[in-house]
Ligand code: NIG
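Heads up, the chain below is alone and in the form predicted on its own; it's given as structure tokens.
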Amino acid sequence: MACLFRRAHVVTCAGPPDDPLGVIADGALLTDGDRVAWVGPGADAHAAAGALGLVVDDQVDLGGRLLTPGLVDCHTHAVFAGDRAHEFALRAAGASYQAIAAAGGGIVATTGPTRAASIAQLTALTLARLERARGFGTTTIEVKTGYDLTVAGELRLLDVIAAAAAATPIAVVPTLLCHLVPAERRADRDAYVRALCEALVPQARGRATSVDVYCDDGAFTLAETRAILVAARAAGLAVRAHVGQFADLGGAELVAELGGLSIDHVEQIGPAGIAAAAAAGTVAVMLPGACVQLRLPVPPVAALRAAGVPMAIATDLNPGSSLTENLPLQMWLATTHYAMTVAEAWLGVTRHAARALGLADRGVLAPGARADLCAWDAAHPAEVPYHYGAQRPSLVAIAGQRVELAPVA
């Protein structure tokens, strides 16, 4: 079925370097089933439909609103049970993330409740988070494992992700995350890493699209990260890594060497890592919610920009340092705290975020792209991050199907 979205300020996010948002004032967009068939000036829409042989069965008059690609959240830890509100209070009083983790908090504090929860409970919790994300305009979301830390348990979390994906219209991208070495295995780290490489990663094939490794102080070493990511590549899985949140261990160079999709966090990344990412086309994923909450130095955005590294923005939805499903709020943080431009923020939650997931048909409004759309009660792209915490789309379509149409005040 063909649908015409008309009288819109269309933000294609598919423009050239000097106009990357590719805004079409008084524009229109045609969908054909689950794909974008045409986008251009509104005056040309009916002629375009005729040339494509499309019969327009439905029309949506957007009355001058922004029409953008559906948002892509390319880094979340949405599968977990329990909460760590007490840690939030400790950090507000001045405690550091590392000090809390050393006292038994942090990631390991979430493993107990997550291990104890049933698949049904975890699926329900995850679905509730995905629904909140959809309310903020997210139409594609990456979801990581990582809060069980055993081979069987991490595979169980992949089952949870699959169950949640089957029950939501949002496109869910599953990632196997090797988060850290659990306390009970620290006496023999080598054996644990071998279990990840020889048992967990091969069994994730067909259930995850990529493997992510937390390469940082207190997590996996560079050598351990290399072993896991090499195993991932051997299993036919894409590779990604958390790098440089607290220390630069050389993870960016490793991911670039292996042709990885993304390096995430990058508060601590040096010139060599930036150059390697630029040469490899690796996406740097900004996670400002966690950065600001943990009071970390901001990533070197100016250096990444100058080198031509594509920058994405994600929520880092997790119970410890960024409990939010709100991507537009991350756009505000990126523009105000990271000194990213409005155009960079929009590309960060659309085109570049899709690239970080290896998805060529998301994050843009262009012929052939999946028809994931958001309409916003705004006339300029800056209005969405500007009115932070309040902007929600008035219309969301996923694969051409309108799944949310809320009244506009």
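None of the values given here were measured: they were computed from a predicted structure. One rule holds for the numbers: they count along the sequence shown, beginning at 1.
The form predicted together with the named molecule exists for this protein as well; it is not shown, and the discussion that follows is about that form.
Colleague: Of these, T126, T225, Q245, T175, which has a heavy atom no more than 4.5 Å from the named molecule in the predicted complex?
Modeller: Looking at the other structure, the residue within range turns out to be Q245.
Colleague: Consider the chain as shown here, without its partner, and state which of N318, T140, S210, T282 has a heavy atom within 4.5 Å of the named molecule in the predicted complex.
Modeller: Exactly one listed residue reaches within 4.5 Å, namely N318.
Colleague: Given the stretches 200-208, 323-331, 274-282, 73-81, which is the single one in contact with the named molecule in the predicted complex, using a heavy atom cutoff of 4.5 Å?
Modeller: Selected range: 73-81.
Colleague: Is Y147 close enough to touch the named molecule in the predicted complex, meaning at least one heavy atom pair within 4.5 Å?
Modeller: Y147: yes, in contact with the named molecule in the predicted complex.
Colleague: Do I107 and the named molecule come within 4.5 Å of each other in the predicted complex, heavy atoms counted?
Modeller: Result yes; I107 sits at the interface with the named molecule in the predicted complex.
Colleague: Could you tell me if Y214 has a non-hydrogen atom within 4.5 Å of the named molecule in the predicted complex?
Modeller: Result yes; Y214 sits at the interface with the named molecule in the predicted complex.
Colleague: Using the partner position in the predicted complex, report whether Y192 sits within 4.5 Å of the named molecule, counting heavy atoms only.
Modeller: No - in the predicted complex, heavy atoms of Y192 and the named molecule never come within 4.5 Å of each other.
Colleague: Indicate whether the candidate residues H9, W346 and R392 are all in contact with the named molecule in the predicted complex, with contact defined as any heavy atom within 4.5 Å.
Modeller: None of them does, since no heavy atom lies within 4.5 Å of the partner.
Colleague: Does any residue in 257-271 get within 4.5 Å of the named molecule in the predicted complex, counting heavy atoms only, and if so which ones?
Modeller: Just H265.
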